[in-house]
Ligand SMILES: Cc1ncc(COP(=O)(O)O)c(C=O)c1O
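Only one chain is included here, represented as structure tokens and corresponding to the form predicted on its own.
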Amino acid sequence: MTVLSSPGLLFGPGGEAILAGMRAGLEFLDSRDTGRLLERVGQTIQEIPPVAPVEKAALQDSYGGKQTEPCDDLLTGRGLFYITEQRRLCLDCTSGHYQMLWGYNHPRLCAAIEEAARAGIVWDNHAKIPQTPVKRLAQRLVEAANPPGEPDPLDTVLLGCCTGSVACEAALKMQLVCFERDRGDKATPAVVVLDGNYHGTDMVPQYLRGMWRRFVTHLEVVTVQPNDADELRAAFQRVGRRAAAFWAEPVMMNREAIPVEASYLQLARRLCDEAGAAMCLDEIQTGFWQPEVFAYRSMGFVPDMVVAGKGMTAGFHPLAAVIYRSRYDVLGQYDAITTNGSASLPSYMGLCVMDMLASQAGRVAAVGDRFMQRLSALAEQFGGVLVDARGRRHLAGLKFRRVEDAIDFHRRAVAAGLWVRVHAYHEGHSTVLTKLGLPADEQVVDFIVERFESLLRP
């Protein structure tokens, strides 16, 4: 007996209807090209039979556990499109939770999963006996992390982390252990971070952004504004040799998609060298959304560490990595690990993702450039409402002058079938965010921008 032969066991009462709705939704998505699907974004798809969704009262409040209105969550999806439980067709403009690099259930990746299982690649295994895909992915990440001829390459990979949060915590542990090794245990290490940083949900990385202050001691956090060179110089000058590390994200998706300038990061590289501090790039958001895999590769410097996650396995299964110079390889076997890190099948998905990106690098760059150009023109056109368009390529945001306008735009965009996010939960935040999946083409870009334009008109 297969599980799908007993939908009642899977989904409870009404499971047969839910499964029938999923199948009908997938048939609808598979039988229409992008243009025909775009024509129906925001509509209720009558070709799909109604379903009675499973309620979500058992979920925590922050994910709708106390929701009283009928559920309208995801029913099924393919590519950049998904259909809700109330049968509405939506265009996902944020790649799920920023991780669905190639959209929902990409046919090539789905086929690769089946082929891998037939070939003997296992889902998971003990990290002490890594299967070939794990070892090969580590090699590919090292290749992607270094420019040709790099004299001091990033040559070591920690793949034992299931999530980006654990990978960030591992990178921070390495930095602190190396600081104590080099400076002794009397000096208090200082970590320089950008205001609005987001390096995961583990406790100490959250401390970097102001949480848990009464529980963490003997670690100074120096917060600076992104792209403020004078403040950055002053911060390093103040802490001097106590500087243990500098952290940054090339595009700050947790702070309204602010792009961190190449010149600023190049300055940080020089200051880290002078202070003997580790420079760490958090590319959990930006990694694999770039033709070069990592954003810093086109920015004129090389960090000491880079953290990868999210898009690396295109949402199939969480897998994260820290790629670093071997002198930072100071952790014991179980100092930074999760049970499902170094998993074989997700590593194979990572290899497939990198091959797909390499084969479409030119198209990816062209589509991303077109998206930013069109958003920038839109910001100029509606300068009374919008401050600017920000971000880089597929990772983008529209900054509104008033938070009320950003919230209202977000509400109307979602109602129109465009799944976007809004940053309006911190003072001064008023940005609608997008992160397009790599299947997006010029047709999709133009549709989104033209729909945005119609929503911005009085």
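In this text, residue numbers run from 1 along the sequence as written. Given the structure is predicted, the values throughout are model-derived calculations rather than measurements.
Beyond what is shown, the protein has a form predicted in complex with the named molecule; the following relates to that form.
**Request:** Could you work out which of G368, G103, G200, P346 is the residue within 4.5 angstroms of the named molecule in the predicted bound form, going by heavy atoms?
**Result:** Exactly one listed residue reaches within 4.5 Å, namely G200.
**Request:** Sort through C168, L265, A243, L159 and report the residue having a heavy atom within 4.5 Å of the named molecule in the predicted bound form.
**Result:** So the residue touching the named molecule in the predicted bound form, by this definition, is C168.
**Message:** Please tell me whether any heavy atom belonging to I284 falls inside 4.5 Å of a heavy atom of the named molecule, as the geometry stands in the predicted bound form.
**Reply:** Yes, I284 lies within 4.5 Å of the named molecule in the predicted bound form.
**Message:** Taking the named molecule as it sits in the predicted bound form, is E249 in contact with it (heavy atom to heavy atom, 4.5 Å or less)?
**Reply:** Result yes; E249 sits at the interface with the named molecule in the predicted bound form.
**Request:** Determine whether any heavy atom of T163 comes within 4.5 Å of a heavy atom of the named molecule in the predicted bound form, and answer yes or no.
**Result:** Flag for T163 set to yes.
**Request:** With heavy atoms only and a cut-off of 4.5 Å, decide whether T94 touches the named molecule in the predicted bound form.
**Result:** Contact check for T94: no, nothing within 4.5 Å of the named molecule in the predicted bound form.
**Prompt:** in the predicted bound form, which of 381-389, 227-235, 116-124, 192-200 comes within 4.5 Å of the named molecule (heavy atoms)?
**Reply:** It is the stretch 192-200.
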